[in-house]
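First, one chain by itself in structure tokens, the form predicted alone.
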């Protein structure tokens, strides 16, 4: 993290992440163009441009599918958590690939001196009431504008300016971009090219994204649900059931998620939402005595939920106690920065 919105320095993990991402994207595009050109050699300049349009469009769609799959995969298995660390880089690169896809479409019209046809297609209002013949380019443009908005607000300046809840809500628009992209393909490429691979790919993408979110949600609902006792406190489990330097997440009756951490013989509870990007703190671990968010490494003290100096972020904390050998948490949040951790050895 950085103070005053200065650029965060690159580290080895960031460099490896981005290098692999760029290499995979480049390899996919080059391979697609090479294979398609070999199987179906383009006959003229516009045909070569069309090949680039399809290569970059498919790459952007697959990248968007992968972005929406990372979240539930990370909730299902911690092995996927490293993919979350620089997901913003993934999103920005997806916008770049999608923008190149759109630019090649404009180039395709330009080399044939038919640029005005784009405006005609987008402004023939009667076509918007049709299914076959719907101006699918408008759907792609809508998805591209959403990706532009998300890419341009990915810096921490906008996160702080908008506040984490608003910023996170804004970036949920990525699901809208995905929906528009799906319809863009269904009403565009799938209508002009009847190859069975297109509907199969579209269906597989939808099933993957929807299936992963449903499975992750069902698993979390079953794993984190706890009944409150007569006095309102929620049983978490024996102290040893909380992995050392890790957390168990419980759902309060109102839906708030609480991360209950254990660091040796110390137990404390904080909100599961990181103050940075509302990341899932309970999926992180305690490093150097601080709860460390798995998304971007923001840290908070276990005792009071405060970030170590010079940082000033504070988390809501929760009272914890040991009753009949069971760790229990009071679901009523304390003021951010309130000391609430206890020792289980006393």
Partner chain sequence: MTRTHRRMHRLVWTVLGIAVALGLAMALALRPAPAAPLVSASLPPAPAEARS
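Positions refer to the first chain, counted from 1. What you see is a predicted model; the values in this text were computed from it and never measured.
One more form of this protein, predicted together with the partner chain, exists but is not displayed; see below.
Contact annotation for the candidate site: 127, 194 and 257 all lie close to the partner chain in the predicted bound form (heavy atom within 4.5 Å). Using a 4.5 angstroms limit between non-hydrogen atoms, residue 278 touches the partner chain in the predicted bound form. Among residues of the shown chain, residue 81 is not one whose heavy atoms approach the partner chain to within 4.5 Å in the predicted bound form.
The partner chain in the predicted bound form comes within 4.5 Å of no heavy atom belonging to residue 90. Using a 4.5 Å cutoff between non-hydrogen atoms, residue 186 counts as a contact of the partner chain in the predicted bound form.
Segments offered: 261-269, 127-135, 234-242, 151-159. Contacting the partner chain in the predicted bound form at heavy atom distances within 4.5 Å is 127-135. Shown without its partner, the chain has 172, 175, 176, 179, 182, 183, 184, 186, 187, 189, 190, 191, 192, 193, 194, 199, 202, 203, 206, 210 in segment 171-210 as residues with a non-hydrogen atom within 4.5 angstroms of the partner chain in the predicted bound form.
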